[in-house]
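Just one chain follows, in the form predicted on its own, and it is written as structure tokens.
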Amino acid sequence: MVQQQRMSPVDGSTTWTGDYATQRDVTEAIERASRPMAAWQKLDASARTAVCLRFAERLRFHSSAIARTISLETGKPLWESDSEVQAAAAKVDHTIDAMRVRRSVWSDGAVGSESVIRYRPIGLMAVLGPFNLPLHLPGAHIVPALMMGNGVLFKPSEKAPGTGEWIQRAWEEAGLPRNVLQTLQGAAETALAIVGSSAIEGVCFTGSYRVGEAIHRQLAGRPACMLALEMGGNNPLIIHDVRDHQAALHVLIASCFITSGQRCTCARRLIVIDNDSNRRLIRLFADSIQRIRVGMPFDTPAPFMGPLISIEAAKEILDTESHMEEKGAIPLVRCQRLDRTRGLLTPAIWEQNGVPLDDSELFGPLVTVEYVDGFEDAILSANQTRYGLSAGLLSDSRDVFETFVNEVRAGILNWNCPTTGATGRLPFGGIGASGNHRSSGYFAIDYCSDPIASVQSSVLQMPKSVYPGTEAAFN
């Protein structure tokens, strides 16, 4: 077998060397998981929770080293990688709270008999991670899965294998029993082998619609296998009417260009109600982004944007610009490829200029602007997408926001806050091509267990009356 390597988009150095898991490796991992998973399920929930809390502590203990690995593998600025480590550690507390609120054993205490809800683990679950938040997003599935008593086969993104190894190490240091969580490195072939196993009882995927659809097709005819999909978005941000242009500018920059535009919740389309004030805001935005610091993750002073995940990803953005220009779109600010690495791009804004653009998710620092006559037109444009992950509104009017919430089709609807703004105490997920009605975040605990209903009584006794027509049976 030829060893695989991951080359850093930052400096071209080798960040990881190892073997990708084969079909045989997957089969053996499944066999190894059986006995320890059964023992893990039988533990009291408080014992499993204690291991999860130690996991969070180990992430914080290794935070500097983990953040550096994330930055080297993904190109993200170090400050952003560090914030990801903190978010991943905080996921444990959020999940404990979610388990208490959404998955506590419940009884109605009725006289004679009682109605009880309990929760049973799914079984052996697969978690397929993305590259853009390679620690936090896999953890959003792994933590609730383990806390509810499941076993996990984890395949990190092939672009962030080193971060995947840190996840495995932190759980081992936390005292998770051996083989309850197993990390299998690999690309598409490894994912297919994992998902294709009949022993897998749940699949959690974060990534593109194309891959999510392929997993859905692979699981066709297997309704017993739980599938949770977190996919992309072609996310709109409507600019209605705001007085504070500086505050609006902050929301625009964070929505469009954090993580170099490589978040599924990034705003891709600015839908702007056409008036003088909003035209000034867009000009201010176009002028301001040219002063955003773009550089390497470890630069001092720190950059806001680093290189894209690969040279190919950067080329795709530049090719998209050429395609839009051919169709008649107008560049307000073009992407520039910087000399320090071919994956380093500056942010870009293109005016749509009446040109119908493809309904696709662009994973990079490029946003389009469409001017519309009024708010109703803005709502119509916002909904002209098969996706439905996130959407944002800039407006000084609560009434306008209420209309926005009621009429825009998306799972995350933010008002005067970045479209990328999310909290672990809320659900996270989309509709349409963005998901399959399995919200993650605070609600991830729901798809990591099955509710079990019991009507029960500690005493076997005759009821006060029997069913009509059965009286003679008791004489």
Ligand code: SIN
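Because the structure is predicted, anything quoted here is derived from the model rather than measured. We number the residues from 1 along the sequence you see.
FYI, the form predicted in complex with the named molecule isn't displayed, but the following is about it.
Practice task
Decide yes or no: are Phe154, Ile194 and Gly202 jointly within 4.5 Å of the named molecule in the predicted bound form, with each residue judged by its heavy atoms?
Solution key: Zero of three within 4.5 Å in the predicted bound form.
Handout entry: Partner contact for Leu137 in the predicted bound form: the named molecule, 4.5 angstroms, heavy atom
Key = It does: once the named molecule is placed as it appears in the predicted bound form, Leu137 has a heavy atom within 4.5 Å of it.
Practice task
Would you check, heavy atoms only and a 4.5 Å threshold, whether Leu413 touches the named molecule in the predicted bound form?
Solution key: Leu413: no contact with the named molecule in the predicted bound form.
Practice task
Give a yes/no on whether Thr190 approaches the named molecule to within 4.5 Å in the predicted bound form, heavy atoms considered.
Solution key: Thr190: no, not in contact with the named molecule in the predicted bound form.
Exercise for the section: Please check if Val51 has a heavy atom lying within 4.5 Å of any heavy atom of the named molecule in the predicted bound form. Expected result: So Val51 does not count as contacting the named molecule.
Exercise for the section: Counting non-hydrogen atoms within 4.5 angstroms of the named molecule in the predicted bound form, say which of Leu308, Leu133, Ala267, Ile239 makes the cut. Expected result: By the 4.5 Å heavy-atom cutoff, the listed residue in contact is Leu133.
Exercise for the section: Identify, from the list Ile431, Ala422, Val408, Ala45, the residue with a heavy atom within 4.5 Å of the named molecule in the predicted bound form. Expected result: Of the candidates Ile431, Ala422, Val408, Ala45, Ala422 is the one lying within 4.5 Å of the named molecule in the predicted bound form.
Handout entry: Interface stretch in the predicted bound form with the named molecule - options 312-320, 256-264, 177-185, 340-348, non-hydrogen atom within 4.5 Å
Key = That would be 256-264.
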